[in-house]
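Just one chain follows, in the form predicted alone, and it is written as C-alpha cells.
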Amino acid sequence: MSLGNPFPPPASRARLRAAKWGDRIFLVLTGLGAAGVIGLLVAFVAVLYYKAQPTIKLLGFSFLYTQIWNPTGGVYGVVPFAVGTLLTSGLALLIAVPLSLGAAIFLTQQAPQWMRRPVGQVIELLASVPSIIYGFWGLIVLVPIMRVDVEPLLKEYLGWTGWFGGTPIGLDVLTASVVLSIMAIPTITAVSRDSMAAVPLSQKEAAISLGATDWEVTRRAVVPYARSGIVAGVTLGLGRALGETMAVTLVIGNKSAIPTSLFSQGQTITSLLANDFFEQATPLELPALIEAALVLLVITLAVTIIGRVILARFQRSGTAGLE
C-alpha cells in the first residue's frame, strides 16, 4: 500500500507561496483601512483641539460650566447648548423607542407576509430622507399644530408639573424633540426589525409548544434574543439626534439660554454652529465655536462608548433572559 508523495509538486508549492503572499497583502490592506478610520477620528480631535486653543487657554474649564454666551462681553459658556442637546435628544428617544419597537414587533411577529417587505422598504426610505426636509416639514406643518392644538392641552392638564409652563409658541424644545424622534424612528425600527427577524424559528416554536401566548413569545423569546441589535439601533438613533443640525435649527427657536420648560426656546450645539459660525461677533468667538464642536464630539463619543458597553454586556449574557 502506497503512502503517496509526502511533498507536494513544485507547482503546488508555488501556488501555496502565492496564496500566502496574497493573504499577507490582504491583511496589510485591511489593516490600513482600520488604521485610516482610527486616524480620521484622531485627526478630528487634534484639529478641533488645536483650533480651539485660544479659548482653551483663556477660559480653561469655565467654558464647561458657564451658563452665558455673550461674544461682545467676552463670556463663553457651552452649558445652555449642551443642556439643549441632551434634553432634545433624550426626549426624542423617549418618544421614538416605544414607537420603533412597536413597529418592529408588528412587522416581524404580527403583520401578514405580503405587508412586511413593502412596509420595511418604506421605513428604510424614511431613514434616507435629508434632514432639511424634516426641518421644513416641522416648520410648516408641525409648529402650527403644536402651537394651536397640542401645547395648550399639555399646559392645561400637565402645566402643574413644571415641564409644560410658559407660553405655547410652537418654536421650542418640545417641537424640536418631536422632529428628532420622527427622524430617529426609521433607524431604530429598521435595525430592531432586522434583529428580531434573525431570531431562530425553533426558539419561537419552543415557546409556543410550552403554551406561550403571542405576547409571551415576543417578551421571552424574541426580544431577549434580539436585544443586542435593539440596543445598537437605539444607539444609532441617539447618534443621529445628537448630531442633527438643520432640522433642529428651524424649529427650536435658537435662544441662547438654558430651557426652563419644554415650551422654552433653546439651542443645541449644532444649531449654535449653524447660526454663528460664519457671523462671529469677535475674533475669539470662532475658537469658542470650535471648542463647542469639540464638546459635542466628546459627548457623541461618550454616548457611543456607553452603547457599546451595554451591547457587549447583552452579548455576554446571551439568552439568559429565556431562563
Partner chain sequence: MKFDRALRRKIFSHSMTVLSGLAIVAILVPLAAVIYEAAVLGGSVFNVAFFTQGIPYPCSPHPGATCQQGGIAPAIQGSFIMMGIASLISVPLGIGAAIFAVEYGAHRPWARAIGMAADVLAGVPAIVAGVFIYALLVIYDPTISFSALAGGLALSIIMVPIVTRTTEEALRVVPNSVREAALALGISRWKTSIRIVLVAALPGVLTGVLLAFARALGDAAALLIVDGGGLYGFRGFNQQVAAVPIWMFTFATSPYKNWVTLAWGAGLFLILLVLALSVVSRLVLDRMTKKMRGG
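All values derive from a computational prediction rather than experimental measurement. Numbering follows the first chain given and starts at 1. Take the two forms, superpose them, and find the largest set of C-alpha atoms that agree within 1.5 Å; that set is the rigid core.
This next part talks about the form predicted in complex with its partner chain, which is not shown.
Contact with its partner chain in the predicted bound form, judged by any heavy atom within 4.5 Å, is made by just one of L125, L94, V148, L201: L125. Checking G243, G229, P71, P168 against its partner chain in the predicted bound form, a heavy atom within 4.5 Å turns up for just one residue: G243. Interface membership of A281, defined by any non-hydrogen atom within 4.5 Å of its partner chain in the predicted bound form, is ruled out. In the predicted bound form, its partner chain lies within 4.5 Å of some heavy atom of L301.
Under a 4.5 angstroms non-hydrogen atom cutoff, its partner chain in the predicted bound form lacks K255 among its neighbouring residues. Contact annotation: I182 falls within 4.5 Å of its partner chain in the predicted bound form, judged by heavy atom distances.
Heavy atoms within 4.5 Å of its partner chain in the predicted bound form map, among the stretches 208-216, 74-82, 150-158, 169-177, onto 208-216 alone. If you take 285-309 and check each residue for a heavy atom within 4.5 Å of its partner chain in the predicted bound form, you get L286, I290, A293, L296, L297, T300, L301, T304, I305, R308, in sequence order. Annotation: Cα of V28 displaced by at least 2 Å between this form and the one not shown, core superposition. I38 shows a C-alpha shift of 2 Å or greater between this form and the one not shown [criterion: core-superposed Cα displacement of 2 Å].
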